[in-house]
Ligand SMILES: Cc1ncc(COP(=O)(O)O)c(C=O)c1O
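This document starts with one chain, in the form predicted alone, laid out as structure tokens.
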Amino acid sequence: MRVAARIAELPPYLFARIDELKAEARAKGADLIELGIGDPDLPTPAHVVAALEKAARDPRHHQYPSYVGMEAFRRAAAAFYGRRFGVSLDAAREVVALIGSKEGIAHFPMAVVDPGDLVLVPDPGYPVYETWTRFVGGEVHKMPLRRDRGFLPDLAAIPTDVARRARVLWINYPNNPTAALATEAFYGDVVAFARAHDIIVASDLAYSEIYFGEPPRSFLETPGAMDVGIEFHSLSKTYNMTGWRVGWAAGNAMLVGALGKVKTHTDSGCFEAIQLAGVAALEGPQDVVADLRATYRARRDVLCGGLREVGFDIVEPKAAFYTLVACPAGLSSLDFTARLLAEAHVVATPATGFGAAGEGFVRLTLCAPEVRLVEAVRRMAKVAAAFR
């Protein structure tokens, strides 16, 4: 008996060792402050829950849903793009509902990547971009994201032969794990690069509504983007709905249609009651989102301000709910993660979990109450003191 080669060839799971260390610490009675997982700790808005309750009681929604999503949900997603980004979308042809954006991101390579095709992925970046490229037989070229470039890939540094072979370019801003933002000029360069080399652009926009200054742009706002791109969005972070698993993809009709065709052969769509809850989220009062941003801003100021004050070098987030902390001299990302866990009982994520170019940083989230962030800073100050 054996597993498929694609499973056997997966890289080692970096977080397995961290999970072991967490279990050991908890077994000793440690009070761990969990800042490693990007999962909102606040509840889903009450009116969204109420919409789910009402729809779930209606037997019309107990049967198979549409593969590509309810018309009401796709229209709500298209309307959101119109209001927020000024992007006009045909809900019938240019929007497809997803069982969370991760599902769509994973399935998209099945629609556009053939064995031997090359895909450009950010490093560090969301691991699913690379994993599913390899699952379908594609090859990966890593684009390093460097601090001195604002964590934007250097498209001009991509070798000509690589660009010529490239099939898909993945981008993700606001970015996980760096919390960086893309500029209008960068998106313009992406469109020009895609056109020059006949490349599909896949944009992951899951964090667009968590920001602390100028609202992030959609790639689809860029002139020409609809000709070359598709964008993945989610209700998970905006409305604290990570466990609900609902999102959408929007953009070029051919690309959206190809993804929809994959889904017809793969799943049976998202539960309609959850889609209608998504409609309530998108069309309902948006003060809940403004309040959420204010909460994360206050938490950011507590965590980042505190860590800077005790001597850490941090990358303060412009958006999303992550911050990168530079490792003290002589420590790798994994070493620093282990030290924080053992000595401060603070759970961080080594940025190398998102790619080799993440070396030198750990990622912390803002998904914890302020009082716990204050305590995390107090504990981490002792670690910082050891390196002064």
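Note that residue numbering begins at 1 and tracks the sequence as displayed. The structure presented is a predicted model; accordingly, all values stated were derived computationally and were not measured.
One more form of this protein, predicted together with the ligand, exists but is not displayed; see below.
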query = Just one of 99 to 107, 161 to 169, 84 to 92, 147 to 155 has heavy atoms within 4.5 Å of the ligand in the predicted complex; which?
reply = 99 to 107
inquiry  = Using a 4.5 angstroms cut-off on non-hydrogen atoms, would Lys263 count as touching the ligand in the predicted complex?
reply    = no
request  = Answer yes if any heavy atom of Glu231 is within 4.5 Å of a heavy atom of the ligand in the predicted complex; otherwise answer no.
outcome  = no
query = Is Arg245 a contact residue for the ligand in the predicted complex, using a 4.5 Å heavy atom cut-off?
reply = yes
inquiry  = Can you work out whether Leu120 and the ligand are in contact in the predicted complex, taking contact to mean some heavy atom pair no more than 4.5 Å apart?
reply    = no
ask   = Which residue among Phe219, Phe73, Tyr129, Tyr239 has a heavy atom within 4.5 angstroms of the ligand in the predicted complex?
value = Tyr129
Heavy atom contacts to the ligand in the predicted complex at 4.5 Å, residues of 202 to 221 in sequence order = Asp204, Ala206, Tyr207
